[in-house]
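In structure tokens, one chain follows: the form predicted alone.
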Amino acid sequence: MRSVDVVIVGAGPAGIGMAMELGKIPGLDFGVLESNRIGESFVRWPAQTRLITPSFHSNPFGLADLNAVDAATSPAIFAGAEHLSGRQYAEYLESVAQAAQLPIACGCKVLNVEPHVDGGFYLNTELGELFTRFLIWACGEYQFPDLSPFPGGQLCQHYAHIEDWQILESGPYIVIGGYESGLDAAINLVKLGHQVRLLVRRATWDLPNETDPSLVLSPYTRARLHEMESNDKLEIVYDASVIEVTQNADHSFRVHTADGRHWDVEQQPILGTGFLKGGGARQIKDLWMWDDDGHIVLSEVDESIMTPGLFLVGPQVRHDQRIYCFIYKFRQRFARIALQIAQRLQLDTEWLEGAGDGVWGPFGNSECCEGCEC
């Protein structure tokens, strides 16, 4: 059984970015385990989906690209695009990993995690057993869609299971959900000439006094929506709280809302209602403490309250009102975890101390993030 200091599970932006930070620690023995391939979640995006956060090469002026996981690189320069496709971003992640020669084992799914009584973790994987002093979970959310947000949800197609909007049969379609995935589905279907009825609880693009794209529609999607508002193929139904989907005798589908309304449609309704709270962290759900809203409770260094030595990185990280679900947000946490591990292993921390000061822009400063809501 091989023994290492640190194992990162997942080779998406959180896992690759965290590995880049660990690579700064002299003498640290670490590895990344990925069940499929680098950037797998992004490879699975619908062909038309783009990053909603723009990429721009601002590195020469001291500000990293918003979507970079390594401050010296830029997805914009790599792909020659401002809003990258999923495949383009996965290729960017692979290029970063290859350039840094990160120790990544692809096709190595973790089957079981067992905390050791004296600290550390035994991992049972498809490639054998492993012991690690510290475990960093970076499995993301996209591969863990919420398929049953209401009764009959299994009759629908979830956004995360669409490979290409062009291969869908002729509409009309009903899309359920007023956030990013719901709007992206509706916009792409309308662009392809389908009639679309979009059911939303509220206009997430027009909430007063709210600007955080973690809570409202991003400016990128908002602009795309405004371009569609005059298109007669898009109908937006507001105050539509879907409570059930049923199938009619003729095999069509009926979508029911709480106020008694319903609509029939021949094609499967599209679910744009999001992903399981906690995402991939639910694979080891008993090792975390969960709050009443289904979110993971973490220490100030993103460590499990229940299981010492287990850390979380990625879009599930939350601290009070701060939601770190975008790359430019959760990458601010990498140095904090790396420093904590290096100190506990009594390794040289010279390359880490102060590493977060400005590397990700002014909101990357640890002094700032102690008291603000960035």
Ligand SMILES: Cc1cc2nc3c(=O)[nH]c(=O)nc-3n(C[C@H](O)[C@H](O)[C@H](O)COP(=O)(O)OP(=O)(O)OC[C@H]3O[C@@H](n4cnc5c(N)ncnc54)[C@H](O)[C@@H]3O)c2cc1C
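Counting begins at 1, following the sequence as shown. Keep in mind that what you see is a predicted model, and the values were worked out from it rather than measured.
Just so it is clear, the following notes concern the form predicted in complex with the named molecule, a form of the same protein that is not shown.
Quick check: do Gly12, Cys139 and Pro315 each get a heavy atom within 4.5 Å of the named molecule in the model of the complex? Heavy-atom distance to the named molecule in the model of the complex: all three under 4.5 Å.
Should Glu40 be counted as a contact of the named molecule in the model of the complex, where contact means heavy atoms within 4.5 Å? Although the named molecule is absent here, Glu40 would touch it in the model of the complex, with heavy atoms inside 4.5 Å.
Considering non-hydrogen atoms and a 4.5 Å limit, does the named molecule approach Asp65 in the model of the complex? Close contact is absent here: in the model of the complex, Asp65 is far from the named molecule, nothing within 4.5 Å, heavy atoms only.
Does any heavy atom of Tyr173 come within 4.5 Å of a heavy atom of the named molecule in the model of the complex? So Tyr173 does not count as contacting the named molecule.
Does the 4.5 Å heavy atom contact test between Val110 and the named molecule in the model of the complex come out positive? Yes, Val110 is a contact residue.
Sort through Trp288, Phe121, Phe275, Trp263 and report the residue having a heavy atom within 4.5 Å of the named molecule in the model of the complex. Among Trp288, Phe121, Phe275, Trp263, a heavy atom within 4.5 Å of the named molecule in the model of the complex occurs only for Phe275.
Counting any non-hydrogen atom inside 4.5 Å, which residue from Ile327, Leu310, Ile337, Leu345 sits next to the named molecule in the model of the complex? After the contact test, the surviving option is Ile327.
Partner-proximal stretch of 337-345, 57-65, 301-309, 31-39 relative to the named molecule in the model of the complex, 4.5 angstroms, heavy atom: The contacting stretch is 31-39.
Partner contacts in the model of the complex for 73-91 (non-hydrogen atom within 4.5 angstroms of the named molecule): None of them.
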